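As a starting point, one isolated chain is supplied in structure tokens, in the form predicted on its own.
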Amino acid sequence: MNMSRARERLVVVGGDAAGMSAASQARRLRGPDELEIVAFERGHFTSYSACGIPYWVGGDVSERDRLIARTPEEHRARDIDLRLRTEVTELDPDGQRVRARDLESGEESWTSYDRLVIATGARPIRPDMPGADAAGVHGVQTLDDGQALLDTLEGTRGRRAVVVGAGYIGVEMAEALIKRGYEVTVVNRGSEPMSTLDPDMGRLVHEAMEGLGITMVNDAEVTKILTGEDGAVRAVVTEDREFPADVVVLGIGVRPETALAKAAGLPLGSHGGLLTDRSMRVRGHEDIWSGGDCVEVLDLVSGQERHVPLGTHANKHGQVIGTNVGGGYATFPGVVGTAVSKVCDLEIARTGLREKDAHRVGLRFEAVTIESTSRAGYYPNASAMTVKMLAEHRTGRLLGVQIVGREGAGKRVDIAAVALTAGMTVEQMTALDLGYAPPFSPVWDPVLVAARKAAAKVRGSV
């Protein structure tokens, strides 16, 4: 006797890039008669660009909804049971179920699953110090966070802002606050901003930030945040100074949001992120997948696991997971660590390893830095560009590239990203057939100038 196969249930925890990409891809491959999809999201929004929040706060993006790629209604129209303002509070892998709490009513219930996707993202690092949770102190990771910050900015009469940390978020938020008319101080425990760069390249960012009117305070550790009688922030304190503040933005970085996974006994890496195989399946668990900012990924250059919270990876993870859950086959091989940002018109890019990364994994290397221009020197509006390149000692294998410059600098890092992924040497890079015309580059593109210099240094060191 023919009996129809029972419908499977996919449960997704987290409604942003990785989670909803996985849900959407699984739905493309398997209809609602075969696969029921239930997605839990504790916030008010789904499928949005967290990377765009600083530009929304700064006014470059006119309204919040422009950052939303797909609304809850659009997901529901595709037969995805999306439950907003519902927080998953417990994972039970043995019982194949999750417990969730409705944040409006407080009601809790269990939902069983055949397949589970954990896409809980990352959370802003909030320092363990007095005043860190005071009114007016903001992390910026979700659209809800961005809205809360805007509400504070619009309701605060003072115009003094302190940004704690000078990574991507710290630097971008400092510029956003300057655009909103705030007096901005950035307190950074590193020697230069942008610790994703080597300090000599970070110095160029430092100079650009000061050119915007931002006060940079490096080599300074915040020890506490002072509050007024109303409980709101009034100052940020370091070991030897006090900086008045009407609003504080935490730009220290993020950590994987894996408290639920840890409590459930799922495997975590040295950075606190979930460990998966190449199919994005959680190691040792046949029915659980994970992706996005809550996982660790393989660094193809160093060979080690890293936590790299970027929307590009999260969307790719979701596609891989959704394909596998939907009955297809896909893998995520790893990353080379490519990222771009900007401060006003200064573009900042990196890929591969920094000097300290190479030292940490035991690689010997040659480092070169060159100065070039974005266009042919005689062409109007050619601007200066600095390129730093690392190549492995003796072999000449490309290890990393950092670029700081004006228009046309940032996306040049993609040349290096492709070369890193292909395992090219700097000698091989010198022969790359890149596009040339005076409005776009000099005859020798700046990346190739750096490759020539690195290749010569490698030859001289053999």
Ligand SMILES: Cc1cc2nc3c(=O)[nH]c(=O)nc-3n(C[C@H](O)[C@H](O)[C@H](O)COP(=O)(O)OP(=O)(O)OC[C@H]3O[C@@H](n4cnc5c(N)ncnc54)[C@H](O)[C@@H]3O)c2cc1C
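From 1 onward, residues are counted along the sequence shown. Since the model is a prediction, treat every value here as computed from it, not as a measurement.
The form predicted together with the named molecule is left out here; the points below concern that form.
Of the stretches 270-278, 198-206, 285-293, 323-331, only 285-293 has residues with a heavy atom within 4.5 Å of the named molecule in the model of the complex. Between the options 153, 260, 252, 178, the residue in contact with the named molecule in the model of the complex by a heavy atom within 4.5 angstroms is 260.
Checked against the named molecule in the model of the complex, the residues 424, 69, 432, 51 give one hit for a heavy atom within 4.5 Å, which is 51. Contact check for 160, 184 and 343: none of the three has a heavy atom within 4.5 Å of the named molecule in the model of the complex. With a 4.5 Å cutoff on heavy atoms, residue 93 does not count as touching the named molecule in the model of the complex; it lies far away. The named molecule is not shown here, but in the model of the complex it comes within 4.5 Å of a heavy atom of residue 311. Proximity of residue 40 to the named molecule in the model of the complex: non-hydrogen atoms within 4.5 Å are present. Mapping the unseen interface onto this chain, residue 23 falls outside it, with no heavy atom inside 4.5 Å of the named molecule in the model of the complex. Contact residues in stretch 57-90 (any heavy atom within 4.5 Å of the named molecule, taken in the model of the complex) are 86, 87, 88.
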